[in-house]
Every structure is written in C-alpha cells, then in structure tokens.
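The chain below stands alone, shown as structure tokens; this is the form predicted alone.
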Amino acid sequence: METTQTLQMRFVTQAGTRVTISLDNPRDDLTEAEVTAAMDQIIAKNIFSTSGGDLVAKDSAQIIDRTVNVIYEA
C-alpha cells in the first residue's frame, strides 16, 4: 500500500476559468496562512501563462490523500 499527498491550489484566470496547480508531497505541517501566502505570491509574480490569461484570484486549496492498493503486479 502506497499513500501519497498532493497540494492542489486552484486559481481564477482573467477569463473567469479555473486553473489548478498541483504539488506532490507537501509538508505535513503546512498551514492555511502559508498556502494562501504562496498563492498570493504566485498571482503577484505572474509567472504562469494560461489559455484563460493571467491568474487574478485565489479560488481554493486542498490536500488530496491518495492510497494505492496493488492487487496484482507481474
């Protein structure tokens, strides 16, 4: 059994669409304040280009836990 975590940060673009940036293996002690500050920095630095234009606002953030149970492996 393998368990992994992914931090998903969701943003709103200039066109009003949603874009998700995912990062594997976030720290276990990551706080809401740290995540929202990082999202603010991403928006302020304008370092990502999307088909919907610049990232203009934060939408949400979540940590996804994923567990894989291998049933068969050759």
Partner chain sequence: MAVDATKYDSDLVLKVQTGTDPGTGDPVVKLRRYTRVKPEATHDAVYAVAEAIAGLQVHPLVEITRQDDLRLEAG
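The model shown is predicted, which means the values in this text are computed figures rather than measured ones. Positions refer to the first chain, counted from 1.
Quick note: we don't show the form predicted in complex with its partner chain, though the next part is all about it.
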item: All of Met9, Asn46 and Ser51 with a heavy atom within 4.5 Å of its partner chain in the predicted bound form; value: yes
item: In the predicted bound form, the one of Ile64, Leu23, Ala15, Val56 near its partner chain [non-hydrogen atom within 4.5 angstroms]; value: Leu23
item: Residues within 4.5 Å of its partner chain in the predicted bound form, restricted to 27 to 48 and counted by heavy atom; value: Arg27, Leu30, Glu34, Val35, Ala38, Gln41, Ile42, Lys45, Asn46, Ile47, Phe48
